[in-house]
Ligand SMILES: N[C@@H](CCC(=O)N[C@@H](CS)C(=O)NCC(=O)O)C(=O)O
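Below, in structure tokens: the form predicted alone, a single chain.
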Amino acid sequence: MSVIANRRSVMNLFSRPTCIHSHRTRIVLAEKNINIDITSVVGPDLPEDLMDVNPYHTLPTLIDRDLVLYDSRVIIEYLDERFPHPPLMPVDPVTRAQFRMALYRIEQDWYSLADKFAANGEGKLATKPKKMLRESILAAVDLFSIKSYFISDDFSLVDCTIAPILWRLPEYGIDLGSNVPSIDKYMDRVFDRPSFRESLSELEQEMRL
């Protein structure tokens, strides 16, 4: 995948094509139209140059000249601050803190369960975490209807974080049912964004074919 941009930048992202953490990073890159080389890592073997700079040998890993970042939350906030337009976090410190708490809860409640899917070599989400993830998403249904995006009228890092989970629901074997029009409308709105379409790897595109 390539991200076309009109800005020059010496940056490289090591990204796994089916990883939710990598995906949310790619959404931010596409949303901000950042010029970057993306190295897609498939399979268990990691490139030696990645292993040399990341002591945890994890993905995604961002290299920006002498700076190396290997936590997706740190990466997306860094990208938002380094490339401030369009802004993906509010300026007001109180609202910004609320967004960060939303990010924390999504990571704790949703990402922790979705990561079990990635860790399962059988390529499926076990019954218990699947049930827990479904219930957790449905518990937030009212928050999807308050504003155009999640708790905001503007697309934000929170949406960049939610979208990879919702995109993978068929892959996880999760059906939210027919009584969640607010989530359905939210998914249509986010999935139709050009930046989201640009962010998808070929393997991710196949998840909803």
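Sequential numbering from 1, following the sequence displayed. These numbers come from a predicted model, not from an experiment.
This protein has a second form, the form predicted in complex with the named molecule, left out of what is shown; the following refers to that one.
Visitor: Looking at 54-62, 146-154, 28-36, 171-179, which lies within 4.5 angstroms of the named molecule in the predicted bound form, counting heavy atoms?
Guide: Every other range fails; the passing one is 54-62.
Visitor: If we define contact as a non-hydrogen atom of the residue within 4.5 angstroms of the partner, is residue 141 a contact of the named molecule in the predicted bound form?
Guide: No, residue 141 sits far enough from the named molecule in the predicted bound form that none of its heavy atoms falls within 4.5 Å.
Visitor: With a 4.5 Å heavy atom cut-off, would you call residue 19 a contact of the named molecule in the predicted bound form?
Guide: Output for residue 19 is yes: heavy atoms within 4.5 Å of the named molecule.
Visitor: Residue-level contact is defined here as any heavy atom of the residue lying within 4.5 Å of the named molecule in the predicted bound form; does residue 71 satisfy this criterion?
Guide: Flag for residue 71 set to yes.
Visitor: Please tell me whether any heavy atom belonging to residue 166 falls inside 4.5 Å of a heavy atom of the named molecule, as the geometry stands in the predicted bound form.
Guide: Outside the cut-off, so no.
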